[in-house]
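Only one chain is included here, represented as structure tokens and corresponding to the form predicted on its own.
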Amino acid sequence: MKEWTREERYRVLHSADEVRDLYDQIKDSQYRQAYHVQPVTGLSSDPNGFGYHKGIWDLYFQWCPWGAVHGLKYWYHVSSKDLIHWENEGVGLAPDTYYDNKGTHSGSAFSEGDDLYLFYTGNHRDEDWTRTPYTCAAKVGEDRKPVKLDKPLFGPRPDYSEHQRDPKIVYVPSKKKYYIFIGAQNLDLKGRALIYESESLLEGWSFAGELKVPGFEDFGGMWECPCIVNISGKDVLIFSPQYTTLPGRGNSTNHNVYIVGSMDYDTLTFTPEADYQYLDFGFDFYAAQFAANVGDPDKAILIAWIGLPDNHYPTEEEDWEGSMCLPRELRLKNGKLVQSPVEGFAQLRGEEIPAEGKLPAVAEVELTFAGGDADVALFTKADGSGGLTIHYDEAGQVVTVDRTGMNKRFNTNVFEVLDMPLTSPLKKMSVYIDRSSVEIFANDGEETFTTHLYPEKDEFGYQAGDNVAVRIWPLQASNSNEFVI
């Protein structure tokens, strides 16, 4: 694996020609996704600036153009009219000011009337490499290009660590105020969220206080990507706690969770109705973000990075890595989020193929369970061995997913086997297979499981128990692989 110097990782991109050879090198990789958003070159990570504005869904994501490495981060821009077909738009935000000289880090979008705004963390480092995070903003012009404000909205607080980032902006009509939630870490190295407020969108911001979440005072060592939304009258807080292990999550120290409760902006208190829950039970799911301006009080739209900080993946050998999960529609049911791919995904289906033990590289697989314990193996070898195995234990009402049988194994020190507890008996699974990822929606999205997977040419068989019915549809490509910088 390549050892990157700081100078290589933080090199400034001056011209598209500097990465054209990288694009030509990876564009025909067997692991390039067909219907998932992915980087044109290099590394993609956190989704940013996700929202609906004037008939278009805009999505940005963290992008390091030079290879599968975390270095100088840009916002890369893609857009869609239906959340299914995506077009590459090129660089959205570049690290080109004093305040973001070492990266335009994560943030969110806000649509107001005819105007679209982006809020992000400017990652500044001085000659001694001391970090200063600034909360910055840009207004998107009629040409759909962001124009940054001349100065940040505010800088970091000295009574917290340097980890203050990922602004999420909301407007609360009853208060006639805007609020920004910032992921943070206090000086005791505990995860926190900070709240700023203003009566004006682009000026007058002041520190309101620390978000209080009773019972979560010692939960994690940093809260990345805090995000709040109201669904059917309930507030839902999602965030990514770091630097901690959690039950059932192997040796991973990076997670994505949600809490259902109520937010009081007078006291800056989020009161949970119950304990935290995992957004996704899979190996590779992080930095989830709600879309802005969805326009339906009974649902939210969410997208996340298929990947985890500190983990490594086989396509790093090809100098690229990462993708976004399918955009998901979220609703609340009995105090839990129910997730499903956004409406209309069936339009990508080709003609159903016979269930004869062979998987396409790009497909939707529907599994129907007749009751009892059950076993399914996807991506097996020709003799039926290996693969991604899925075992359902009816008594415990738990699905166990195991990827140790694949030829390409990765992150073995973190986890290769994880459980997905269910809230009701297993009846159905919808499995979305792309060339280097698998997303499982159990019982119409009561629980989900996302993983990267890198099958080789001899690993496209499958087997299912007698009590499991299988249907398979090949899926058409829907994301642009065009070279746009």
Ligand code: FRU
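We number the residues from 1 along the sequence you see. Since this is a predicted model, take the numbers as computed values, not measurements.
What follows is about the form predicted in complex with this ligand, which we do not show.
When contacts are judged by a 4.5 Å heavy atom cut-off, Phe216 does not count as touching this ligand in the predicted bound form.
Not displayed here, this ligand is approached by Trp305 to within 4.5 Å at the level of heavy atoms in the predicted bound form.
Although the partner is absent here, Glu459 sits far enough away that none of its heavy atoms falls within 4.5 Å of this ligand in the predicted bound form.
The closest heavy atom approach of Ser106 to this ligand in the predicted bound form falls within 4.5 Å. This chain lacks the partner; the member of Phe379, Phe281, Tyr286, Tyr134 within 4.5 angstroms of this ligand in the predicted bound form by a non-hydrogen atom is Tyr286. Proximity to this ligand in the predicted bound form, defined as a heavy atom within 4.5 Å, holds among Glu364, Glu224, Glu321, Asp100 only for Glu224. With this ligand left out of view, the stretch that reaches within 4.5 Å of it through heavy atoms in the predicted bound form is, among 40-48, 420-428, 434-442, 450-458, 40-48. Shown without its partner, the chain has Arg165, Asp166 in segment 144-180 as residues with a non-hydrogen atom within 4.5 angstroms of this ligand in the predicted bound form.
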